[in-house]
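In the form predicted alone, a lone chain appears below as structure tokens.
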């Protein structure tokens, strides 16, 4: 945590939040294993945090953490800052503080997974490592109801009764941790966490180092501190630069050093944002009347946004791992195994993983409950497809696939039994919103494309094109896996062939009148949102009337038909490469993609055509368009990948796809880089009219797929 010392109030910052409006924060370099370099630009202050790990012993080895802070303006030597380093247990383990005067010098501890360890808080130095003349020290020894309340515990113990008095300088009061006070409203709750905190208050610029040393590391070559830490950091940074170029070849492709730094930050943020979560989901099952906690379990996963969505999302993870599997296939294999271990006996995996109090503290209550009929696109098959193509598949990889296979088979069967459509070889997302009065178009959160227009009146007659295409992909990967492992593969191969059969696909999903692939269902185009009429009682004053709500009106009754919503869903047979290279439907899709009236923009493909009736329409009064126009990078990555694929195949559209590939790839890379330079962040989505980043930031989840587009790795 850190604290800018100002006279009026204590502004403690523990995490970087979107609402803070910081000029920039994130990892610049991070290899996922040995080291990381992060920069946080706070208002008037920059913090750089570096860490290095050194393996050894039985419990993972040592690590060191360095924080360097400097003022924004060079002449600002009067700024005081407090850096607060804390150690906390989480339900198990013990900590023992070692205090000299008011300075917490070190903490010894033990835990089940780390064994015995020692954490030392070293005396602050200048940026170049020389001893600092003066600093003030405070410490806190407290109990907390859990890790999610640590910030509150520290805030409640701050007092400004302390005086900073550097020799030759003025005396100044400052805020620091003081006597621990129990949090209001929680006196009787058993503390989950023992918290020890070291606060050092000093003038800018400054540097502070912390070392963690594992008790089982017997032949340690010396502490990872000072010059030794600098040397190790430099060595890891050089190795990262070499490996990044070997993996992605961006210098060889002619990208500038600044563009390469952008790509390194995108990869590093995804690696640095990975988390290990442990706890249980809250599930509403069809088999029980009330929500139930699922069994506890761990999840090691990347996340869409460490500050805004710090939890696992099933369909996002497949896209995350497309990038991470290129960098570290072993890491991806571990993540995939963790996700499949969260499967229940039926083969269902909760699509959002909100596993403990810390995770739940960041989620609106309505999203916490998981429903066991709800699917999500099985994007992990995209990564498995990629991993199966990797050269050098040895016994280790084969053994891994063999252990994975029973779970994958169960997962695949779950989709094939719970998400089937009304006709053979059709599929339907379950879990659509059922309120047809409130929403302009009831949402389908389970598809991942939350408010993308589907049939206006949800019914069992629906056939969803995107899910059918995901199942074609899954069937192909299952067939390939089964063949590689010597398992029965005929059923998977048959399913893949049926779902890839262009004639059957057209019969079930080609809307002739609309000249596009589409969903099918009980649908009316003539719907709109209108203000409710409010009845006035006799003698009732107008100012006492309830505010009229926007409600949906249906001007023409629905009927079973194709849904006219040209956008990402319509592209799925192309995105997942199911169309034959000589299919006339491919020509039609390419035309829609390149049409500026429809899907093409200078910044990427928009999610819904400008010609669609629901383009950029609110779904309710307070529910702005999400997948109804803005540009999303995961879908644009699939489009670039598909164009690259069709450009390599002989057919009537080969030349056209090659040209479109170059154009779309160049537009996406240029805009994401331009917005990064302007704002300091990658974003959740981008405006189709200005290219500006929108929604959540930093979003170094699937938006980081720009690295693979730059590298032309598909």
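Numbering follows the first chain given and starts at 1. None of the values given here were measured: they were computed from a predicted structure.
From this point on, the text means the form predicted in complex with ligand 6A9, which you will not see here.
Undergrad: Open or blocked? Place ligand 6A9 on this chain by superposing the surrounding C-alphas onto its site in the predicted complex, and call it blocked when 3 or more ligand atoms come within 2.4 Å of backbone or C-beta atoms.
TA: Result: open.
Undergrad: Which one, 315-323, 160-168, 109-117, 393-401, holds residues whose non-hydrogen atoms are within 4.5 Å of ligand 6A9 in the predicted complex?
TA: So the stretch in question is 315-323.
Undergrad: When the contact criterion is heavy atoms within 4.5 Å, does residue 506 count as touching ligand 6A9 in the predicted complex?
TA: No - in the predicted complex, heavy atoms of residue 506 and ligand 6A9 never come within 4.5 Å of each other.
Undergrad: My question is simply whether residue 328 lines the interface with ligand 6A9 in the predicted complex - judged by any non-hydrogen atom within 4.5 Å.
TA: Because no heavy atom of residue 328 falls inside 4.5 Å of ligand 6A9 in the predicted complex, the answer is no.
Undergrad: Are any of the heavy atoms in residue 72 no more than 4.5 Å from a heavy atom of ligand 6A9 in the predicted complex?
TA: Residue 72: no contact with ligand 6A9 in the predicted complex.
Undergrad: Please tell me whether any heavy atom belonging to residue 627 falls inside 4.5 Å of a heavy atom of ligand 6A9, as the geometry stands in the predicted complex.
TA: Looking in the predicted complex, residue contacts with ligand 6A9 include residue 627, since a heavy atom lies within 4.5 Å.
Undergrad: If the cut-off is 4.5 angstroms on heavy atoms, which of these, 339, 255, 180, 309, is the one near ligand 6A9 in the predicted complex?
TA: Selected residue: 309.
Undergrad: Since exactly one of 123, 531, 580, 362 fits, which has a heavy atom within 4.5 Å of ligand 6A9 in the predicted complex?
TA: Here the answer is residue option 362.
Undergrad: For the stretch 680-699, I need every residue with any heavy atom inside 4.5 Å of ligand 6A9 in the predicted complex, listed N to C.
TA: The stretch touches the partner through 684, 699.
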